[in-house]
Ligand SMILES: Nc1ncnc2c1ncn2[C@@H]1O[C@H](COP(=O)(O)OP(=O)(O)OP(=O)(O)O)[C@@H](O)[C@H]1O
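Have a look below at one chain only, the form predicted alone, in structure tokens format.
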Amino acid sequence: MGDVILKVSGLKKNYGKVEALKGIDFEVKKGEIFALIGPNGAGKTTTLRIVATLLTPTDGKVEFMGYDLKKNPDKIREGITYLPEEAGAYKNLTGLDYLKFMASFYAESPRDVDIYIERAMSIIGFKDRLKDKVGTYSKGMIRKLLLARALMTKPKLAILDEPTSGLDVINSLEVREVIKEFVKEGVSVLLSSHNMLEIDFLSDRVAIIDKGRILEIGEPKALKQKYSAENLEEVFRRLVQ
């Protein structure tokens, strides 16, 4: 993991008088899973939305593959996908039609659409239901459909906010394994999750964020050693206290 794919410098975001981000810095390397962890309101989702070009920062700089977020947002959108925590799908479309519709935004040819759909099917695991309307799916099925949408194009960077939100243990494990497999194939991941076990299992490096500031960055194992902690929850508690 050498090349830096995403560089965030001095990033600030204000909502009126509220400082959601107070000048944060971090990098994501090629082929890396980088996680942001912290309590509700720490600034995690705000950071992800800025990188995904959905929010404009108040100050600071975001560079992706050498492109500046403010100058080249379209170039950045070409190389990233974003899975929000509270994402929904079009309930009146079938699962297959939804995937085809989303694939059409990225595909340069009909063959690309076919490749993306094949890839999505391998992630989903419920091919027999793809011709049913999304409105008939369980929450877990919708989440897998949305993850498939986020990964099927093999983006340079997948931004995943609570990727296993609402999933049971087995489905969560499957989703984590899918994410790991795509990283082996060259996808980088910027991830946020409240599930510290998930972060421990998935992440190469972790940034702990609280009240709009990054308190610490490091590999999960190194952070646990540094703070004599059994798990990342303990690391976080010691940092905050």
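Since the model is a prediction, treat every value here as computed from it, not as a measurement. From 1 onward, residues are counted along the sequence shown.
Keep in mind that the form predicted in complex with the ligand is not shown, yet the notes after this line are about it.
Chemist: Quick one: which of 37-45, 174-182, 66-74, 196-204 gets within 4.5 Å of the ligand in the predicted bound form, going by heavy atoms?
Modeler: Selected range: 37-45.
Chemist: Decide whether residue 232 counts as a contact residue for the ligand in the predicted bound form under a heavy atom distance cut-off of 4.5 Å.
Modeler: Output for residue 232 is no: heavy atoms all beyond 4.5 Å of the ligand.
Chemist: According to a 4.5 angstroms non-hydrogen atom cut-off, is residue 20 in contact with the ligand in the predicted bound form?
Modeler: Yes - in the predicted bound form, heavy atoms of residue 20 and the ligand come within 4.5 Å of each other.
Chemist: Using a 4.5 Å cut-off on any heavy atom, which residues of 53-88 would contact the ligand in the predicted bound form?
Modeler: Going through 53-88 in order - heavy atoms within 4.5 Å of the ligand in the predicted bound form - there is one hit, 85.
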